[in-house]
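Take a look at this one chain, the form predicted on its own, written out in structure tokens.
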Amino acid sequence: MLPPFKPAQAIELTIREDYGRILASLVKSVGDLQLAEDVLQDAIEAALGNWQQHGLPNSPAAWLIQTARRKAIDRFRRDATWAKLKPELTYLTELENSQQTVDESEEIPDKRLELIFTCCHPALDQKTQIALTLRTLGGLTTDEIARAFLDKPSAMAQRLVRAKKKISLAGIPYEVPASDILPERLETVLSVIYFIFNEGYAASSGNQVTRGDLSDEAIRLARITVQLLPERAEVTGLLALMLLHDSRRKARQNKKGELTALQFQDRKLWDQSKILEGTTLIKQALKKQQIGPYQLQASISALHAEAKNWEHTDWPQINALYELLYRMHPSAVVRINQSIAMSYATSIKAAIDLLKQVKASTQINDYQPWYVAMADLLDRDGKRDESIPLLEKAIELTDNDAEKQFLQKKLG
């Protein structure tokens, strides 16, 4: 039998699992993100002493919410600047005086969706959207978020404070957008989550190939969003995509910590449980006939996951899916990825021509993946001399030490 949780462990578990739900409920009550965070921190400090003395409450989350609301009331009473929130004060006072036992299912409605859309509001820049999402929904500390961006904690703290002030001063609402703008706003939310995942899947800088903490957090945020918007196929598609990509995490570097290309990965190291969940989810999403970019990318990743080896990869179907993805979401990134599939599905020459078209039609002079892809294709086409300067350029444009080492080894 496992020993019972100690108060500190219970608090840590509650915060990790329910931080976003608790904070979202408080924001809805007090109407201010900074105040909600402050009183929740006060409640957490109070819990450490109270739970040590009296034992754990039946619902730690409900206890924290009630305590935080009382802390908010105390602040309202002490601070005249909150007088404008008198309606909220009256509401909170009624809650405080109520003798009803808190029923978690009724008293703690899930307001995380409103908070997600607030954090990802278009009035905020992308870096701030990501930082706020990690802070409010993920419960990450300012120091943890700063490390994710390789920023100084003080600079990240200032960014978060400015963002909360902007939300308050601009009157950005804590609500789910109206149906006519929901798809556009949801696209921003999903892009923020996927950006977090990609930074974990392939770190853009530093000496690590992957950052599992960020990948795990993005997957957790996607699970929350799927739970809140189960009818949106693209949300499910994004979760499937990330699970399928993440299934290869352990195989992406060798025992020396060096990056391993997909072609040479040990597929026995792939996480079969994530592959099964990811493929199941994408099949469910596709049945809804709401095809979108994340579902197409997940379908491509599923084909890689289901191939028993590199030679048995269904390149024609992957190439066709990339073509469909490009028609739906035209971008140089899609074409660059497609070029590799095309080189196996049709010919290397066709793939090289495709990359030449990409460079002629877009400004990608410093886009490192283009140089990596073109160098690979030229090398495989027997044009080693032409590929070397492109590979050298790719190395020059790389900030990640592990990837730079991988490319230098390829160059050698």
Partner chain sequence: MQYIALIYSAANSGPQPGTPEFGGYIQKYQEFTAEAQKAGVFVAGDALQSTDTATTVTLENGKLETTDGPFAETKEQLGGYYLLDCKDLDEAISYAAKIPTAKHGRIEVRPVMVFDQ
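Keep in mind the model is a prediction, meaning the values are calculated, not measured. Numbering follows the first chain given and starts at 1.
Unshown form predicted in complex with the partner chain; subsequent notes refer to it.
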Just to confirm, with a 4.5 Å cut-off on non-hydrogen atoms, which of 185, 232, 164, 71 contacts the partner chain in the model of the complex? 185
Please identify the residue among 123, 320, 269, 262 with any heavy atom within 4.5 Å of the partner chain in the model of the complex. 123
Choose one stretch from 323-331, 115-123, 283-291, 139-147: the one whose residues place a heavy atom within 4.5 angstroms of the partner chain in the model of the complex. 115-123
Check residue 173 for me: does it contact the partner chain in the model of the complex (non-hydrogen atoms, 4.5 angstroms)? yes
